[in-house]
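Quick heads-up: it's one chain on its own, the form predicted on its own, in structure tokens.
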């Protein structure tokens, strides 16, 4: 049993799907790098980048709801930047008393935090469009085509495939637990919180052992069939002139926006 909902790829007859995977990979990296290098507070450029991201979403025919909903998954990771509210010097906006201590929220810290949140959110949108418009084998081939090290590509491929192995094993464990559990009408099923934590810990340990054992069997089977870490397939077709023009125009646009932002907001 495979967990198909973990795979973001969605086949569509769109221009983004038809674009060469090497071009999509390079432009995605360039977009994310541009977002990371944009100076803090360059909000007009941020809006232009968001517009570009939404335009790519529309061209990919994935649906704005599909991409925007999943891009919110990046926001919890931005919580690591919350201390910037109190550590970056600047005009004070708010003072929060915490016992004998007080934390002061600065305008500069708030602007930096909002900039990080916005840039992360838009970058995840573009990454989702790339993942949903490019099949996983094409992603790996594109990585190797742009001369990424073989080890990195192999690790990425194995990590993605073993996610499904872990999900398969987790579902088997949950199904086995349900088959061995019962509920009596009128009584609360399960035990105390400590008992539930013990059961959950046992399931997690069992999942780790079973996944490790299954992973070793899978690798042995791959090695027996000649796997040496290299991805082999039919050669990719030459990049068409249209794809080259798309790549060149995209890079020029991103570099131009970055230089404009650095000139006026750096």
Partner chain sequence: MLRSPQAMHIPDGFLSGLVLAVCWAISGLVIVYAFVRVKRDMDERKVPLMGVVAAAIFAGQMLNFPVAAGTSGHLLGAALATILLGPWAAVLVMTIVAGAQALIFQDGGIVALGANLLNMAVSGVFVSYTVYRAVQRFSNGAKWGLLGGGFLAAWTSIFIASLAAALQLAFSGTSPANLGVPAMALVHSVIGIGEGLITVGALTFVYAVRPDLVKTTDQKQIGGRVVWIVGLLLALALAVASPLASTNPDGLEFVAEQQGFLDKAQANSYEIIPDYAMPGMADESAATVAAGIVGVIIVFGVATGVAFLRRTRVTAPTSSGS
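Rigid core (definition): largest C-alpha set, two forms, superposition within 1.5 Å. Positions refer to the first chain, counted from 1. None of the values given here were measured: they were computed from a predicted structure.
This protein has a second form, the form predicted in complex with its partner chain, left out of what is shown; the following refers to that one.
Among residues of the shown chain, residue 144 is not one whose heavy atoms approach its partner chain to within 4.5 Å in the model of the complex.
Contact annotation: residue 32 falls within 4.5 Å of its partner chain in the model of the complex, judged by heavy atom distances. Taking the partner from elsewhere, residue 64 is found to have every heavy atom lying beyond 4.5 Å of its partner chain in the model of the complex. Contact check for residue 15: a non-hydrogen atom falls within 4.5 Å of its partner chain in the model of the complex. Every residue in the set 28, 116 and 127 has a non-hydrogen atom no more than 4.5 Å from its partner chain in the model of the complex. Along 205 to 227, these residues reach a heavy atom to within 4.5 Å of its partner chain in the model of the complex: 205, 206, 207, 208, 209, 211, 212, 213, 214, 215, 216, 218, 219, 222, 227. Once the cores line up, the CA of residue 111 ends up less than 2 angstroms apart between the shown form and the other one. Residue 149 is among the residues whose C-alpha shifts by 2 Å or more between the shown form and the other one once the rigid core is aligned. Remark: with the core as the superposition reference, the CA shift of residue 70 between the shown form and the other one stays below 2 Å.
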